[in-house]
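Following this are structure 1 and structure 2, which are two forms of one protein chain, each written alone as C-alpha cells.
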Structure 1
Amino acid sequence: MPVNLTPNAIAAIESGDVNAKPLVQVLDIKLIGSTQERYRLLLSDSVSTQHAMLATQLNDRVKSGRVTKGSVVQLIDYICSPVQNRKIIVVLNMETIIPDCEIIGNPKSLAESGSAAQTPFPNKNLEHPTRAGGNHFGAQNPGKNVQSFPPTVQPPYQPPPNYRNHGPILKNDAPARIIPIAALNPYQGRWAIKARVTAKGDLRRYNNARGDGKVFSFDLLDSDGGEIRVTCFNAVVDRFYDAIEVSKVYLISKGSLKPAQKNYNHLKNEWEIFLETSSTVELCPEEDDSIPKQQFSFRPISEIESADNNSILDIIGVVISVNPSVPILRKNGMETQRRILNLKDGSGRSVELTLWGEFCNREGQKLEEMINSGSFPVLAVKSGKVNDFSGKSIGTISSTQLFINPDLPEASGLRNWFDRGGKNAASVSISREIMPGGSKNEIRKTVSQIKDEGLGRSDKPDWITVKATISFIKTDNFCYTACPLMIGDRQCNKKVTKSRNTRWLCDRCNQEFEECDYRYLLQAQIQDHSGLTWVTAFQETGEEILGCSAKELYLLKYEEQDDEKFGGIIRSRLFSQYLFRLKIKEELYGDEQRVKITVVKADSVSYSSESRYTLDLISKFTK
C-alpha cells in the first residue's frame, strides 16, 4: 500500500530544519569505515534523495534488520552539518515505521531535483493545521488510500502552506493510544486518556490587562490512580462546560500539557492539561469500574498535628459537634459565612474543621440537622487546608469536597468504631479550642530556657510565654513621675522633673503643670520550677500585677506614709501565678550588654486551659 513520505523532507533538512521529524525511506545502506563500523544510508522523500550517516549507537538497527533497504523510517533526532562544502546529515535517532516497502515515488538525487522542491518548512507556520476537526477515534479514513498506523512519536503537525490545498498530505487518523495519566508530559506527542471526572470547578470570569475572559477546570482520575487537572479558557469553555459532568468517564485527547499551577492545583501531577478548540472530549457511556469514583489519601487526625501549615490533605472522621453559621468579614471587605465543626477519629484526637461560604449552607446545614437529630455522621474531606492559627485545624478551600456518610471502607470502619465505644473514647483536640491568651504563635518556655537558649541575643526581640510566680517586687522606685499632657491621642508620659516649688516641667512638651501622673516602672522577680529572673513591668502590666494604680500606691507610701498598709498590699500580690508574655531583648547599658525582659502581658492562669496545655505536653512526652 502506498505511503506518503514527508514532502520536501530532504530539502528541509538541508536548509537546516531539524525539528520536522519527517518520514523518509531508506533506499540504500552501505557499511563504511575501516577502523569503526559506520553505516551510510541513502534517504529519500519520494522525490529527492540524500546520503545520511547513521550514528553508531543505531548500528544495531541495521544489523538486526530493523532497518533495511526499502524501510520507511521516521527521523527523530538528526543534524545536518556542512563538511567540505557538502552537507552531511547524521541520524541520531529514528523509528522504523514500515520495515519493508517498495520504493516510493521516483526519487532522484537532490542536485537533480531542481528548485521546485526546495521550499523549506517554515517552522512557525501553524495556521490552519489541516486536521479533520472533531476526530472520533476508530474512524479510519477509507477514501484516502492512505495507510494508517500508530506511530510511536508524533511530530508537532506543521504542514507547509504551499501544500495546504493540493498534494497528498500525510494525515494520521489512527486512534491515539490511551496512556495512563501518569505518563502524560508535554513531549509526548499524540496522546489520549480515559478518565473519570472527580471534580468540576465553577465557571469563573476574570478581567486582566488583555481584557475579559472566562475559565473553568475539572479534575480527572484514571484506573491507575493518576490524577490531573484540565483547564479551559474562553471559547473552549463554551465547547466543553456543559459536556463535562462529575463522575462520568471521558476519552480526552489533543490538549496541551503545561506545568500545573501549584497555587490552585493540589493534585499530585506536575502537569496540567489545557484544552483547545481542536481538543476532543468523548463521553464513554459504559460504566468503567476500573476507574474509582474518587481517590482519597486519608490521614489520621493525630498526623495533622505534625502537618505543615497551608498543606492540603484529605481526612475522614465522625462529626461530633456543629456550630451555627456566623457571618465573617474577610480581608477584602466581603462578607462570608463560617461554621466550625469538630471531627473525631480513632487516633485519640479530634480536630476543628472550618467551613467557609457555601459549605456552611449546604453540607454544614445538613450536618447540623443530623447532629440535632442525634446522629453522628461520618464526614470525608478532600483537599482541606491545614491552618496553624490556634493548634492545628482544617479549613475548606474552593477545591475542597465534602462527602457525608460516603460509601467507603474507611467510613464504615469509623462508623463501627464510633458506635461500639469510640463515641465515648477520650479525645484531645489538636485545635486547642480553649486558647490561653489566644495569641498567635505562642511559644512556651521555662525561665531557665531564657538564659540557656540565649533568648534576646539576635537583632530582633524574642516574644515568649512563661508560666511563673511573682517571688519579689522591688518597692524602691516602683513608679516615676510622668507628663500627663496629650500629644495627639496619646499621653506624653515622659519623665518630668521638678521645677521651682511644687510644679513639674516636661522637656518634650515644654510646659509646666501642677499635677503629674504616676506610672509604674516595676522591677520584679518571677520564678518557676526551673529558675528565676528579673523582669520589668510598665504601667498596664504593673497594674495587673499589683492590682491598683501607681498613683494610689505612691500616695499611700509617700503622702500618707502608711508603710504597714503598703507592705500589706505588696505582700498580698506575691506568689500569685501568671501566664506572662515576655519580650526579651539584649540592650547596651553603658558599655555592657544586658538582656532586658519586659512583661508585655500578665494573664491570670486559667486552670482549665492550663490543664489542657499540660495534657497536650504529656501526650507529646510519651510519644
Structure 2
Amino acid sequence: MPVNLTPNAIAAIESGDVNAKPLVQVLDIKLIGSTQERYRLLLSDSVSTQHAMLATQLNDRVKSGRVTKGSVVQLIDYICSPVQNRKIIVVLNMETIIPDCEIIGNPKSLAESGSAAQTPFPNKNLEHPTRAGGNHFGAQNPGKNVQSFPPTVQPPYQPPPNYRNHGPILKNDAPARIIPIAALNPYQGRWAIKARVTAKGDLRRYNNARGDGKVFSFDLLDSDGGEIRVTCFNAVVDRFYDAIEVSKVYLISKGSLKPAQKNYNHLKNEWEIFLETSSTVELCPEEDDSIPKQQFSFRPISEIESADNNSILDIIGVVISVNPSVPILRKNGMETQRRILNLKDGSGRSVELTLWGEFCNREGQKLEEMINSGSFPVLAVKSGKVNDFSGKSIGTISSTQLFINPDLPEASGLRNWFDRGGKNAASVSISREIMPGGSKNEIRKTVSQIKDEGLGRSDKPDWITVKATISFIKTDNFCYTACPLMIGDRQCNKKVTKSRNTRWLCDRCNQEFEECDYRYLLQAQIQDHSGLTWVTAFQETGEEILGCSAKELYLLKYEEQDDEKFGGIIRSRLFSQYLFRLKIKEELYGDEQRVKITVVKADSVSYSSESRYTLDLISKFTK
C-alpha cells in the first residue's frame, strides 16, 4: 500500500527548516568511523535524496533493528550542516513510523531532481491526520487507496528571505544559534552550545620543543545527552581556568573543533573543542533542569572480566573494604599515594579499585572512616580505567570522578539489595587472588615461594604479603645522609657528602648547606617456617620497624656513642613478627641480575585477624 512522504522535505531542510518534523524514508544505512561508531543514512522524500548522519545516542535504533533500509521515519530534531562543501543532515532524534516499506517514488539526489526550485512544503491541501485505531494514522479521504502518514502538524514553512539586489551585506553580529553538542562538526562557521560542566581537570604544565606551556580541560554535557571535551592552552588558560566551575551551566561559542585524542579522551564524541582568544564562555545565571548533573553508563562488575585492558567505563558498587594509603615512587622519581578498596554488586562479583594521588586523601580517607564506623557506602565511579594485571581491576585517572552514596536509582537499588542480604551474599573477586579473613587485598606467600615461583623476574614487579620474623638487622650503614632541599613539591633525598669546609654538598642540586637529613636504608633478614631472605626497608618502613627516626638512631650511635642504648633498640626488634608487604623486582647490579625485595609496609600482627585467616584457610582445604 503506497505511503505519502512529506513533499519536498529534503529541499526544505537544506533551506534551513528545523521545525517541520517531516516524514522521510531511509534508503540506505552505512556504518562509518574508525574511532567511534557512526551511521550514515540516505534519506528520501520520494523525489529527492540527501545523506544524513545519525547522532551516536541513536545508534541503538539501528543495532536493534528499529531502523532499517526502507523504514519510514519522522524526524523530530535535526539540523543541516555544511561538511566539505556539501550539506549533511544531522539527525538528533526521530521516531520510526513504519519499520519496513517498499521504496516510495523514484527519488534522486537533490541536484538531479532539481528540487531546489520547488516550493518546500506546499501550504495548500494539507491533510490533518486522525488516529485510526492502534498505532496507525488514517487519511481523511478514505475513497482513495492511499494510506497517508503526515507528520505532526506544524505552521507552514517560511523559506529564508531573498537578499539579492538589496545592496551590500553587513557582518552578522547576531548571537550564534544554540545547537546540540551532537551536531557540532569542524566545518561549521558560527555555533554556540549550552552545556553543564561535569568534570574539570587540573592545571598541568609542560615543556617541549616550543618551550614551556600550560593546559587544562573540562567536560561538557547538554540536555540531549551529548558530551564533549574542551581544552585550553596558555593565554586561554588564564582567561577561563578560574571561571569554569563543575556543575555550572555555560554558553560557549567561537572555538575550533579537532579530532579527539582517544588515548586521553574517553568521551563518546569524535571531536574536541579547543578554545581560542576570541572564544566566549558565559555563565548561565539561572539553573537549567533540562541538563542532567552527570551522565553514567554503569557496567556490572561481572562484565569487567571481559572488558579490554585500558578501557574506560563507569561502575557502581558497595564498598566492603578499604586499605590504608601507602606511598609509591613513580618511574619519574616523584612520590604519590595509593589506596586499594573493594567493591561488590549484585552480579556475584567483586573488584579491586585502586585510588591514586589526591583521591587517597579526599574520598579514600572518608571511605575508610565510614568503613571503620561500620557503614558500607555505595560508591559510583565515573571514568575508571581497566587494568588486567593479575586479574581485572579498576584504577583512577585524572578525569575520574567518585560519588559517595549518590542520589541515583542504581544506588538506591544497590543499597536495598545489600541491606536485604547482599552483604552476606557470596561474591568472587575478579581481581587478585584474595584470601578471605586475611589482610585486605593481599596475596599471601611464604618466604620460600619467592624463590620457588621466580617472583620478580617478569617485566612488572610482584607484590605479596609475608608473615615473617626479623632475625637479623645490619647496623653498619643502616642510613645515609640525604639532601633536604625541595625540588618542586618533593624532597631531593639524594646522598650528600661533606665538603672541605665541613658543609654538606649535594651534587644533584649543586648546593651546600649546614645540616642534612638522615634516611633509612635498612637491610634485614626475615624468616618464616619455610626459609629466610634479605629485605631492604627505606625511610617510612624503617621507622615502622625500629620505632624511631633515622636521625635519632644516627646521633645515638655516632654523636652520643651510646652503644648500649643503640644495641637495645636493635635487639628489641629482633624476633618480632610482622606482616610485611613486599615489592619484588629483578634489577641489574653491574653485570649481574639480582632480585631486590623491598619492604613497602610493615604492620604488627593482629592475632584476631590472623586467627580468622587461618580458620578460613583450613576451611578452604577441607571443602
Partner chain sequence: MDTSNPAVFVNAELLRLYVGRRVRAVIQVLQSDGGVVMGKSTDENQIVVKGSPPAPLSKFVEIVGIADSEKSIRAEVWSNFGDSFDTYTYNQLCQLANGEFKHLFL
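Just so you know, these numbers come straight off a predicted model, no measurement behind them. Quick note, the numbers are simply positions in structure 1, starting from 1. C-alpha atoms forming the largest set that superposes within 1.5 Å between two forms make up the rigid core.
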{"property": "Chain form predicted on its own, by structure number", "result": "2"}
{"property": "Core-aligned CA displacement of E282 at least 2 Å between the two structures", "result": "no"}
{"property": "Shift of K200 between the two structures at or above 2 Å (CA, core fit)", "result": "no"}
{"property": "Per-residue C-alpha change between the two structures, K467, threshold 2 Å, rigid core fit", "result": "yes"}
{"property": "Rigid core fit between the two structures: Cα deviation of T541 in angstrom", "result": "33.0"}
